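In the block that follows, a single chain appears as C-alpha cells, in the form predicted on its own.
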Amino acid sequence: MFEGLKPLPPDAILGLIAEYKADSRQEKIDLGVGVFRTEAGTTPVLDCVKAAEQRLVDTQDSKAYLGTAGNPAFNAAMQALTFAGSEDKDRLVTIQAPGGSGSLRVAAGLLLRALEKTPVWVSEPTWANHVPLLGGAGLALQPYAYYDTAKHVIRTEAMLDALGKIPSGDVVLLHGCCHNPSGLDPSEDEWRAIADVIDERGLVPFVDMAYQGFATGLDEDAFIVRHLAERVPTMIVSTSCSKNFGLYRDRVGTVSVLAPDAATRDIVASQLANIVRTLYSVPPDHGAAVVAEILADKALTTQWHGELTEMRERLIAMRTLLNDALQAKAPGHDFSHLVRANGMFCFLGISEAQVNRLKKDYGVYMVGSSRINVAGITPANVEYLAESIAAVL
C-alpha cells in the first residue's frame, strides 16, 4: 500500500541539529535550534516549574482524561495573562491546546469551517512552520509586506498599504511579539496604526503569541492583543507556554476566540470542542497543571517573573555582545539590527553561500536564511563567532 510514497526531505531545523551533533569540532556553535539556552548551553527546567511539579506529585490523585477544553484553571489563568481584562468575557472562549502548534492547528480547523476558502494573510517572512501547519490544514495563505532584508527594518508603510488593500472579512496573521524569524516588532504607535487598518477594513486578526515576556515584559508584549480586543468584534489568539515557562516537551498552549456576542461565543466553543475531539480527543494534562499551579500561587508567580526576566535579559545581553564583537571584527559592516530585535531570533543578514561556508569551515550552524537563535551565543564563544562571521563577509 505504500509503494507510491516517496521519501520527503527532513525538516530544515531537525536536519541542522543532526549535522551539528555529528560535527566533532570543539569550537562548533549551534545557532539554529529554537530553544532557550543558558551560558552553559543547557535548556533548564525552571525552579518554579520544579516546585509546581513537586506539589502535583504530592497532591494529584488521578490521571483520568481532561475534557476537550482542557484544564479550566489553566484556561482562566492564561486568559487573564493574555488579555488582562481588556476583553469582554461574555464574548471570549479559551481552551487548552497541545502547544502553540496545536493551537494553530485547532484555529485552522475553526477557520476552515467558518470561512471555507477565505485567505489568511501572513507576514513576509513568517515562521517557517506556519506554512505547513496552516497551509497543510487547507487554508489559503497570502503574503503581506513586513521585513526589508537589505535595510533590516520593518516595511511599515508597505505593510499598512498592503493591509489596506485586503478584502473585508479576510484573516490577517500577526506575530504578537518577538517576530519569528526577523525579531523586529512594530512599536506601540505602529501597532495602533495596524489596528486602525484592521478595524476600518473589517479584517479578522489572528495573533500568534508564542513569546510573551521575551521581548520587553508580560504586559508590554501583549499590547496588540489587548488593544485589538477593545476594538474588533472577532479575533483569534494562539499562545504557547514552551518558551516563557520552558515547557517545550510538555506541549502547552491555548487558543482563544473573541466572538461578536455571547451566543456566537457558545457556538464557537461547541465547534472548538468538536475539532479537538476529531484531532486528538483531549489535551495532555501535565504542563497545563504546572502552569495553573504557578499562576495560582503568588510566591510561585513572583519566582516565575524573576526567572522569565533572567531569560529575557540574557537574550538582550547576547545581542549586544555579538554586535559589539562584530563592530570590532568587521568594522565596515552594520549589524545594529541585532540589538533592535526582540526575543530569541533574528536574521544575521548574510547570504546562503556565507551561511554554508560558516558551517563548513568554522562549525557555525544556522538555517540558510541566516536566522539565528541568539541563545546559542555565550561570552565564551562570541569572539570565535564574530571572527568566523567576519571571515566569510
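Every value quoted in this text rests on a predicted model; they were computed, and no experiment measured them. Don't overthink the numbering: it's just position in the shown sequence, from 1.
Keep in mind the form predicted together with ligand LMR is missing from the figure; the text below concerns it.
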Considering ligand LMR in the model of the complex, which of Phe83, Tyr144, Tyr147, Trp127 comes within 4.5 Å of it through any heavy atom? Trp127
In the model of the complex, does every one of His152, Phe335 and Ser370 come within 4.5 Å of ligand LMR, counting any heavy atom? no
Looking at the partner-bound form in the model of the complex, is Phe74 within 4.5 Å of ligand LMR by any heavy atom? no
I'd like to know if Val33 sits close to ligand LMR in the model of the complex, meaning any non-hydrogen atom pair within 4.5 angstroms. yes
I'd like to check something about Phe347: if you look in the model of the complex, is any of its heavy atoms closer than or equal to 4.5 Å to a heavy atom of ligand LMR? no
4.5 Å heavy atom contact, Val382 and ligand LMR in the model of the complex: no
Answer range among 46 to 54, 62 to 70, 326 to 334, 33 to 41 for contact with ligand LMR, defined in the model of the complex as heavy atoms within 4.5 Å: 33 to 41
Contacts from 220 to 254 to ligand LMR in the model of the complex (any heavy atom within 4.5 Å), listed N to C, are Lys243
